[in-house]
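We begin with a single chain expressed as structure tokens, specifically the form predicted alone.
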Amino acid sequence: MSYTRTTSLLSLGMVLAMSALVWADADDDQLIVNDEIEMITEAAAPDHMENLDTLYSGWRFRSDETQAFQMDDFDNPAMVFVEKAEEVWNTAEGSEGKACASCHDAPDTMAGVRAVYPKWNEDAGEVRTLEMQVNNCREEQMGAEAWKYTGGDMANMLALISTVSRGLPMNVAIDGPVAETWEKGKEIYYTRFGQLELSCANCHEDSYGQMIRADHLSQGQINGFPTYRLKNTKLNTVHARFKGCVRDTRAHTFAPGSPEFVALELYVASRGNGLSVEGPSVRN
């Protein structure tokens, strides 16, 4: 069978599948963690959004049972990994004999950090994700080995850094020196990939709120990352999820930490400006 005919059949299959979508809008539930941290799960879309008027956290598209896990830290399975990161935070590593605490004191000094990443790093002259900054600290300040970009140690530390920003609104800059990278990320977001010829926007902008198979499509917001997925029972990072999404279109995917995924993260993070930092969240 020719490539053209194969692609046509795959595209037809997707059309038929999409035609079977069932509408199920975001619910009206309110997310308050530990009865004290109020989360903004619905907000007016920022001015740079072209096709959405209202933002919804992915939490609003989950079942009541899944939502409940995130409402109490005692029930949230991700908090086990936060506790592991707290131990690492205070453990000296590398040739310099330093721990994270040596420079940053307690983790709560990082409040607000998660809300503004990815961001421009003036000294490096580049857009950096939080993972890039963590590894820079490990290598340059601690003399320690860099962690795997999507590895467990990295996911745990990101979860710890996120917890101290929970409830604060995402506020990722898109202008100035990051503008070129943001535009690249936007282009990737709307580009169709793979044999299924799907873009990020096809699911998370055109079809959010609909049920496809057993999944309730959200807007693909990343304010809740890292997120504990019940599907694979572990913390998942943003680029690991990007990789899985692109792979699902039956395309060759970009590598975690690549310029393409850094740009895409910047753009997608900015789409959630105004929603609260939720990480570590719980999703299907």
Ligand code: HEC
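In this text the structure is predicted, and so the values were computed from the model without any measurement. Residue positions are given as counts along the sequence shown, with the first one as 1.
Beyond what is shown, the protein has a form predicted in complex with the named molecule; the following relates to that form.
- Only one of 162-170, 72-80, 99-107, 176-184 places residue heavy atoms within 4.5 angstroms of the named molecule in the predicted complex, namely 99-107.
- The named molecule in the predicted complex is approached by residue 157, whose closest heavy atom lies within 4.5 angstroms of it.
- At least one heavy atom of residue 268 is located within 4.5 Å of the named molecule in the predicted complex.
- Although the partner is absent here, residue 195 is not a contact residue: none of its heavy atoms lies within 4.5 angstroms of the named molecule in the predicted complex.
- Although the partner is absent here, residue 251 lies well away from the named molecule in the predicted complex, with no heavy atom inside 4.5 Å.
- Highlighted residues 33, 66 and 151: none comes within 4.5 Å of the named molecule in the predicted complex, counting any heavy atom.
- Taking a 4.5 Å heavy atom cutoff to the named molecule in the predicted complex, the contacting residues in 116-135 are 117, 119, 121, 123, 130, 133, 134.
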